[in-house]
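Only one chain is shown below, in structure tokens, and it's the form predicted alone.
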Amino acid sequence: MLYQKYEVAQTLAEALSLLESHNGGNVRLVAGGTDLILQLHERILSAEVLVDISRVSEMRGIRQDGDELVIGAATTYAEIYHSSLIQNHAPLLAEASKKIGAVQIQNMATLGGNIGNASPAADAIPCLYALDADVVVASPNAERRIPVAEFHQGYRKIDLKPGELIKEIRFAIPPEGTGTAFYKYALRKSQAISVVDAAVCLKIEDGVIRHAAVALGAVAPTIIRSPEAEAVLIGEPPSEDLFARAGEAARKDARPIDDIRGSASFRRYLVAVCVSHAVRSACERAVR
């Protein structure tokens, strides 16, 4: 059997209580299960107890809280894609959500599950890096708010202590004049893992880029930011030459490997292409 016991939590407090009651045992949380069940089946992971959090309302949905957007960890990618708040304030997340698997996967897979899985090829996570998002983790007695880049500590390693769970994701609503974009290259048009992807968030003021965040996926042990590309962009007016230079600069920060989807040299080439496309789209949206 893949597991011995299946518990269903109705509230956040109940989910935390179930985690605590099985403390010391091999317990895992499940919402959509699109990664977890496959990993259990292939014996990559093991579990004695599964705690289902898909019905926990405190961990579902998208809302505005002051000057921040809040996404519950058990929110599906279909919900993210269809959210007017996301489409209006962070369209790069909508773009990434639409490219994750097929419709059936989008209806089940959750943002919190994707964060917890900590794959360097996760499509939505570069968007959170570009948005300077924080991961809020809860325990029975407290909550911690951790920048997503610090939460991911290495290849499939996260800053989550026993008894804690990922509750929600928060990020500041981008100010007026901001443009965001996500660009993915994969070996086919749908249901494919990224070979390289890029997420960009930038702000244009008086015709010049004043802020730039460029994040890359599938080119290092974790999602990474590209300080080289960001430095090229800041202080410059948008132009085709600038887009190309930013793409070339981003290649310096990439640390890809050879695998079944592509060689390291192919990925370095694609970094420039993906970043150039994403920066161009972000600039066009910022101007609009």
Partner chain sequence: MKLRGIGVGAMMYGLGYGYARPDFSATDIELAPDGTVTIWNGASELGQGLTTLLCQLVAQELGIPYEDTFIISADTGRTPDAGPVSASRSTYVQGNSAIKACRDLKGPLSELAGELLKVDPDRLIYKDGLVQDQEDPNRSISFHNLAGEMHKRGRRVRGSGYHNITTADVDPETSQGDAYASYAWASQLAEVEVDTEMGLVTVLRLASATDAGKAINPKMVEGQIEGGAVQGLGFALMEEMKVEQGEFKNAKLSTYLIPTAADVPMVEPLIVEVFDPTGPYGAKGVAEPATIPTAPTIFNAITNATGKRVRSTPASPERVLRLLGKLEEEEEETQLTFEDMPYPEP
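Just so it is clear, the model here is predicted, and its values are computed rather than measured. Numbering follows the first chain given and starts at 1.
The following text describes the form predicted together with the partner chain, which does not appear among the structures shown.
Among 263, 239, 46, 64, the residue placing a heavy atom within 4.5 Å of the partner chain in the model of the complex is 263. Contact annotation: residue 142 falls outside 4.5 Å of the partner chain in the model of the complex, judged by heavy atom distances. Although the partner is absent from this view, residue 129 stays clear of the partner chain in the model of the complex, with no non-hydrogen atom inside 4.5 angstroms.
Within this chain, residue 88 is remote from the site of the partner chain in the model of the complex, having no heavy atom within 4.5 Å. The partner chain is not shown here, but in the model of the complex it comes within 4.5 Å of a heavy atom of residue 190.
Of the candidate stretches 217 to 225, 64 to 72, 255 to 263, 231 to 239, only 255 to 263 has residues with heavy atoms within 4.5 Å of the partner chain in the model of the complex. With contact defined as any non-hydrogen atom lying within 4.5 angstroms of the partner chain in the model of the complex, 42 is the only contacting residue in 36 to 51.
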